[in-house]
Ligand SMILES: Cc1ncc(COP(=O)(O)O)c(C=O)c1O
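Here you get one chain, nothing else, as structure tokens; it is the form predicted alone.
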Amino acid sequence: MFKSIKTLPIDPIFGLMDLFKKDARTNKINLTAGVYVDDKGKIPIFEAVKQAENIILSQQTSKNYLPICGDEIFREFALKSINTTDIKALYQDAIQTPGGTGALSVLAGLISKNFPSASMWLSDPTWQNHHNIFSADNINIKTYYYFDPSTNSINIGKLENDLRHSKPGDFILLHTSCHNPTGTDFNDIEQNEVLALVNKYNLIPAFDNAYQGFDAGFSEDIKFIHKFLANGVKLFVASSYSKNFGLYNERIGALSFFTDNQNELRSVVSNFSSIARSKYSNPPAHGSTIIKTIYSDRKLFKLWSNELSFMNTRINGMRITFADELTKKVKRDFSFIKNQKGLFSLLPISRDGITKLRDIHGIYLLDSGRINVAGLSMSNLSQIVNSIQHILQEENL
């Protein structure tokens, strides 16, 4: 009966994490998964989160279901986190989802159900799971040129050449900040150019807002979205709170919609609810309760903001040190790493070189060359830089 079911490949990120766990070497280094780790290689729990959980434990009286759209105060937080300038002409609402992936999945369901002929345009490269999420709802996926590895920068000209093949009503997924996997974001001029292209080709923008707070700051990191909102562009935002609250296993996210038409908002949110009901019924409550508790307490919110700022400072500091040490050791310019944002950077190493880094040196990164900069520390930096130098020297022989 089940002979027709094919064995599917292992997820590349979680597959590497399993390999890492089984590796018996004591000097192994994990630079794969997109999680924040501290300078001791641990995934910390925010002190604000611990205090919020103590409050929740002392006050909680029920484990009842949340509504399909989620907790009302959490949804208010999600919307205010995006529309920080409080643009009055907008109608807005959000649905709580199981992580940012759940938000994207609800969006995929909305597109599949209501825009069956629309394509979803993804950056090349992008987070690999974007392809899986939209393909699962049978959405036609197309890609737009994004990152030029020869210059370590964005190529707007090639991006526009690709979008010329789009059709009105197609969707385009944009990374709000801290692009995954390149770490290279649109600058202010490029953001304006992308806004003009979206309007020119009548595309529907959706933002993947997975790393808010890991660039210039929590409020500052959504300026790309603000350019669109200020120009009256209707848009979707899929937010994750895994990274900026350290709530990875709580699966907490939100899908928001902004429009100038109240009836349109009502219709879209009703579809959010219907799709969520069929996919997962109700969202989990613990993550949203933590965020609601922090959001509602001025001291906890300040504590959380300071902790997020510290993480950001550490990541940016490691970027600078890593780039300087690589440039010094390898005798090549790696200053582009300093200009990138967030957790990730793409290293110019071949697939064979990446395999050797793992097998010979015990350093794990994705086959694309993506590394998690937060995985760097002063205790492992020398090993990583020396190993990369060895691999790149071999490749240049």
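Source: prediction; values computed, not measured. The numbering used is simple: start at 1 and walk along the sequence shown.
Another form exists, predicted together with the ligand; not displayed. Remarks below refer to it.
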Identify which of Tyr211, Trp304, Phe74, Phe272 has a heavy atom within 4.5 Å of the ligand in the model of the complex; exactly one of them does. Tyr211
Contact residue in the model of the complex, chosen from Gly100, Gly183, Pro283, Gly287 - any heavy atom within 4.5 Å of the ligand: Gly100
Non-hydrogen atom contact Arg251 with the ligand in the model of the complex at 4.5 angstroms: yes
Would Arg319 count as a contact of the ligand in the model of the complex, using a 4.5 angstroms cut-off between non-hydrogen atoms? no
Might Ser242 be said to contact the ligand in the model of the complex, defining contact as any heavy atom within 4.5 Å? yes
Verify the contact flag for Leu104: yes if a non-hydrogen atom of it lies within 4.5 Å of a non-hydrogen atom of the ligand in the model of the complex, no if not. yes
Just one of 77-85, 242-250, 107-115, 321-329 has heavy atoms within 4.5 Å of the ligand in the model of the complex; which? 242-250
Which residues within 127-157 place at least one heavy atom within 4.5 Å of the ligand in the model of the complex? Trp127, His130
